[in-house]
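A single chain, nothing else alongside it, follows as structure tokens in the form predicted alone.
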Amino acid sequence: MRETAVEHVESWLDSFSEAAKGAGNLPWLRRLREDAFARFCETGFPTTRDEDWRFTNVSAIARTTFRPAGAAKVTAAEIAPYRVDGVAAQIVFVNGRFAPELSQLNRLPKGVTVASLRERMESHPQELEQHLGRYADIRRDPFCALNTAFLSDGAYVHVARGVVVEAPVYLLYLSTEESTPAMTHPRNLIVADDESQVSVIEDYASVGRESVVLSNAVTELIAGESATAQHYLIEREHLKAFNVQTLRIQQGRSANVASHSLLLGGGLVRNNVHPVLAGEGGECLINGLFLGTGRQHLDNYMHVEHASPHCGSRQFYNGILDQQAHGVFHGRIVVHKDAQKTDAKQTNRNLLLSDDAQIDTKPQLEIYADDVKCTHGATIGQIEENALFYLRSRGLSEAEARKLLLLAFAEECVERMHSAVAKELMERLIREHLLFLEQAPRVPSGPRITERAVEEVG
């Protein structure tokens, strides 16, 4: 046991004890929570000595005493900017709690269930037991263990065999202003049965003034044989927010799954994507864009496991960093012994818009099969002066030319998205954020968010 990793665990005991009182009477769920908390107590928070966390210091989270976020009301006017046209359903959570009065669940096709996880556990516990907690790795990831220990509510999406959901399902998580550091642990379960098709948008945002909050979310996505699933993550919380996301994907035979991420907000953000291609002939796309400014820290950790033969995976991540922002891309492809004929590719491209911006990139291959085709690569650069000069020579101002080039760079990721609704939403948010980057005041030199947050809330 490493003292540096576990020294801040005791402050979580009271919160867990309180949460356990409302854990319900399901023995399997109680055991799941207790096992996860025991694991968290054993390992504590990760440190930069852990290889998977070497570029991200989470001491600001470890040193802060978080309490469960309180119940809060969000008005129709406050949620209006987050309404999305053309979705099959919109389910809203405020401070981690299902808000039925803000949700729209009446346009779902037959064979599709979208509900609060808490309510579904009460009404159909046997339906969730076969999947919930079966795939998320509490042994490897302390934040996943912490989420499982505090598992309370989130979204449940189930698509029956052969059902095609044309429009995406939209999951909206809103955090509100809190007087003391607050935490939520959203848990989502998405099950796409054999030969079904579904798209899910998962969106994290803030309302009200900035306050210190921790959103530690875990999503388990199970794609059955020949199923097609698209998952879209949007992170746009305010700059005092800590956000840790884990997407665990389990793919059956010939399943086709895509993960698309857009990281815009948050002071310290960690985005984990862990697909396991467990069935032969599966295909997986991991596609993402992160835009950082100020002293934001945006960490993307990809862990792709090829466990069966004749599977393909593609990773494409682009980063745009300005001022003193720090980006991380750590992509790991593991090809197991039986995964012959694997075809995997990993690419990370980054633009640094200032001398103080920083990127740590680590593409990584771990191959135990001998008949595979795997490649990886990373680039770090600045806006090309020749392209900038060409656009300015055509009458554009320098600001207009820079914005056009950045949009083209970001558009590479958007073009890989299939849902028209998700693409339109992502494009709008990217344009708005690039305008914000252009107009944002320059941040003076100083400690990054991981250190500054400790001073603010410690």
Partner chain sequence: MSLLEIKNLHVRVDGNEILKGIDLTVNAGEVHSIMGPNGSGKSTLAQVLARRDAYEITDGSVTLDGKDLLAMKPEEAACEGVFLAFQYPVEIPGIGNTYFLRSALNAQRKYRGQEEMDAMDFLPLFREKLALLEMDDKLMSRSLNEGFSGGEKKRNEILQMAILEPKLAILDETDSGLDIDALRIVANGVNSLRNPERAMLVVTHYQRLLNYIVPDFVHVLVDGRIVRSGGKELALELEEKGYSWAEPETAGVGASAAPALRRDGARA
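This one's a predicted model, so the numbers in the text were calculated from it and none came from an experiment. Positions refer to the first chain, counted from 1.
Heads up, the form predicted together with the partner chain isn't pictured, but that's what we're talking about next.
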- Item | Heavy atom contact within 4.5 Å of the partner chain in the model of the complex, the stretch among 419-427, 62-70, 42-50, 400-408 | 400-408
- Message: Taking any heavy atom pair closer than or equal to 4.5 Å as contact, tell me whether R31 reaches the partner chain in the model of the complex.
- Response: no
- Contact between G395 and the partner chain in the model of the complex at 4.5 Å, heavy atoms? yes
- Message: I'd like to know if S179 sits close to the partner chain in the model of the complex, meaning any non-hydrogen atom pair within 4.5 angstroms.
- Response: no
- Answer yes if any heavy atom of E385 is within 4.5 Å of a heavy atom of the partner chain in the model of the complex; otherwise answer no. yes
